[in-house]
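This document starts with one chain, in the form predicted on its own, laid out as structure tokens.
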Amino acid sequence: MKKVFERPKSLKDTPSHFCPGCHSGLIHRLVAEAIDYFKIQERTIGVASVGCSVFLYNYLDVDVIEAPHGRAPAVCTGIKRVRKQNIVFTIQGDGDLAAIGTSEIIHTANRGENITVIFINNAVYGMTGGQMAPTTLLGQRTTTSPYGRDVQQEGYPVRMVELLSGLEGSAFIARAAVNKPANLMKAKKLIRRAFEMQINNMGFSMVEVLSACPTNWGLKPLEANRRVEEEMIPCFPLGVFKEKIQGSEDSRG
């Protein structure tokens, strides 16, 4: 019988620490599939951020360096500048990227560093107990916004894709979701495209992926998937927000 589905070579055969219903495992698999597709496993270096994605080295069979909280883009920059032949990427959560790491991600994108960032947005601090994140939705209850996020008190959710797509150095900026098969297949293509941009020396690429967090949302997995569809996607629209063309004046090729 012909095998039609198998574990990617770059994804380790190991139990996951992610909570049931969390989408992070799916996103890690999509990254592994992209690495396999381009046959770049031997020259890929991952940078583990702080948060739910910190155990990157447990799941992806590539060289990995761990970064201080929020500093993964800066560490990626250092690696890529001294090892241009390597493919360098990081997976960051919304607390790591959009809170303590805001400065790093903005300036890394603005400089056009030729790295790839996978940004997991679950609208809450997942690892530290479910506190309000920069991406928490208006009205969303968290441990630090028990009555729901109030625009008068905490402001609006930060839309990182829209912010970074306006910077000159960014080459490919997109947002995806994995809450249903159709969205997952689109996310797979976008993540693959983000790695392709780096391979082609086009500059900074980032894909934001909307993710469910049933544990900290206090929802069952299916209910969490519905929240992604009915609440997160209207706030954080899906699609490609910026894509430089190979050979253009803005490319780094």
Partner chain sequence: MTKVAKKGKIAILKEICKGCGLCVDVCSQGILGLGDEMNSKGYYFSRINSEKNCTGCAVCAEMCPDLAIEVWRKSNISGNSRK
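This one's a predicted model, so the numbers in the text were calculated from it and none came from an experiment. Residue numbers count along the first chain shown, from 1.
This next part talks about the form predicted in complex with its partner chain, which is not shown.
Enquirer: Can you work out whether Arg29 and its partner chain are in contact in the predicted bound form, taking contact to mean some heavy atom pair no more than 4.5 Å apart?
Expert: Contact with its partner chain, yes.
Enquirer: If we define contact as a non-hydrogen atom of the residue within 4.5 angstroms of the partner, is Pro181 a contact of its partner chain in the predicted bound form?
Expert: Looking in the predicted bound form, residue contacts with its partner chain include Pro181, since a heavy atom lies within 4.5 Å.
Enquirer: Indicate whether its partner chain has at least one heavy atom within 4.5 Å of a heavy atom of Arg227 in the predicted bound form.
Expert: It does not: once its partner chain is placed as it appears in the predicted bound form, Arg227 has no heavy atom within 4.5 Å of it.
Enquirer: Is Cys22 close enough to touch its partner chain in the predicted bound form, meaning at least one heavy atom pair within 4.5 Å?
Expert: So Cys22 counts as contacting its partner chain.
Enquirer: Under the 4.5 Å heavy atom criterion, name the residues of 1-15 that approach its partner chain in the predicted bound form, in sequence order.
Expert: Contacting residues: Met1, Lys2, Lys3, Val4, Phe5, Glu6, Arg7, Pro8, Leu11, Pro15.
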